[in-house]
Ligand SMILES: Cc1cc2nc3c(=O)[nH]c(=O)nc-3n(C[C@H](O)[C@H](O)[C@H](O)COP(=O)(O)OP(=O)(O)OC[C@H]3O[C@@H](n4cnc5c(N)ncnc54)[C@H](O)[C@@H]3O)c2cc1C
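Encoded as structure tokens, the following chain is the form predicted alone, with no partner shown.
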Amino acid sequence: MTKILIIGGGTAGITVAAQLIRKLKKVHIELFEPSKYHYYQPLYTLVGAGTDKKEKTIKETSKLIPKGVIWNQQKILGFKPKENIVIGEDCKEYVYDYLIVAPGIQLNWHLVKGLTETMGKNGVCSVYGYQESEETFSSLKAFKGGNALFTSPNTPVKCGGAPQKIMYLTEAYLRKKGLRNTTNVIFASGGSKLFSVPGYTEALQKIIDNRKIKTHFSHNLIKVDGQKKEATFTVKMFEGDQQVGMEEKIISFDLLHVAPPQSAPDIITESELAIQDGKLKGWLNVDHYTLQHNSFPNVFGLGDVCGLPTGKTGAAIRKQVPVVVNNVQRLLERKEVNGKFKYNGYSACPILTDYKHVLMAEFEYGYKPKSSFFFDTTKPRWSMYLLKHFYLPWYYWNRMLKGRN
């Protein structure tokens, strides 16, 4: 019997397992995932803003594993792709015919000195975590004015708009509470621009300007001193378009929201499956359109772990999974992967601009706008807020994870 192993039981892993088990007959599908719980992370921002409860984001993994799929509740410690083997935490070797790699993304809190020691204290918070998201609202409620500082790293991140979403929501909260006039809202990003997609970039810049939010680019957070309430950044120095050096800069804060540096999991970056050089070094080395590994044709990738030049979002996974399922099915039928039915880089980021409006940014490879709607989505809309807050969570639990794309 053909053995298909899936690494990771997050959005990508469970969705692809559900679609494969519905389409394929007489196959052994085994999913490796150590976590007892599964999280709907797109709601973390709303939890951090106080409009939802973290308990709505969590379900037991056992209740989500598709019928007919074997759940192997352990980590994978390594890969031997030349031998079609993965090594489990139990030190056993598991042989596969096809491997789907979807372990998600790694949050590298430790790369910011002092951050783990002060998280949840001294006004330091983050919506990049289950417990942390709830603590973010506690920090927001305790804030009485001063510098509200929001950071974004110089690495790819899951949901690249999240650092801005919580900033816009916080700014709206401060206006509601009468604290805006005594607060400086500051966005310090390791990137070079506010957003990468034309149309949406200008729309977000207009919000930044209207709300008098201060922006600093090429500012990468490297250290947090919670006691002194100081955040230290490395800042790129330029003469014209030419970088001429780096310097360190300290910005004081009374409230600090951190989006941590992120990377592919260490088991990927340290393996033969990773891209070995270039801007995407360390991420899973897959073809941008077929999602087939560029060196090992019986290996496919899905989700945040992939070295793809597009946004790392659940919306991207929704479009990627049918491509991988189709290509695995074709290989089982002794056909080549389908070059026509391909992933075009689609991703979407519903950016909360306040408590009742969302700017729905959709795009594909080349960061070209690709709207699914007949109206102008560069304008924040109430209808898109309803979609983000209510419909998408329902769709996720009741359709997507059940393989009904």
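Residue positions are given as counts along the sequence shown, with the first one as 1. Here the structure is a predicted model, which means the values were calculated and not measured.
There is another form of the same protein, the form predicted together with the ligand; it is not shown, and what comes next is about it.
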**OP:** Would you check whether the ligand, in the predicted complex, lies within 4.5 angstroms of a non-hydrogen atom from each of Q41, G303 and G314?
**Re:** yes
Original post:
Which residue among T116, Q74, S192, Q227 has a heavy atom within 4.5 angstroms of the ligand in the predicted complex?
Top reply: Q74
Original post:
Using a 4.5 Å cut on heavy atoms, which of A148, L221, V286, A102 is close to the ligand in the predicted complex?
Top reply: A102
Original post:
Taking 4.5 angstroms as the cut-off for heavy atoms, does P350 touch the ligand in the predicted complex?
Top reply: yes
Original post:
With the partner left out of view, is S372 within 4.5 angstroms of the ligand in the predicted complex by any non-hydrogen atom?
Top reply: no
Subject >> Contact of E362 with the ligand in the predicted complex (heavy atom, 4.5 Å) >> reply: no
Original post:
Quick one: does A264 come within 4.5 Å of the ligand in the predicted complex, counting heavy atoms only?
Top reply: no
Subject >> Among 195-203, 162-170, 326-334, 289-297, the region lying within 4.5 Å of the ligand in the predicted complex by heavy atom distance >> reply: 162-170
Original post:
Which residues, if any, of 1-26 lie within 4.5 Å of the ligand in the predicted complex when only heavy atoms count?
Top reply: I7, G8, G9, G10, T11, A12, G13
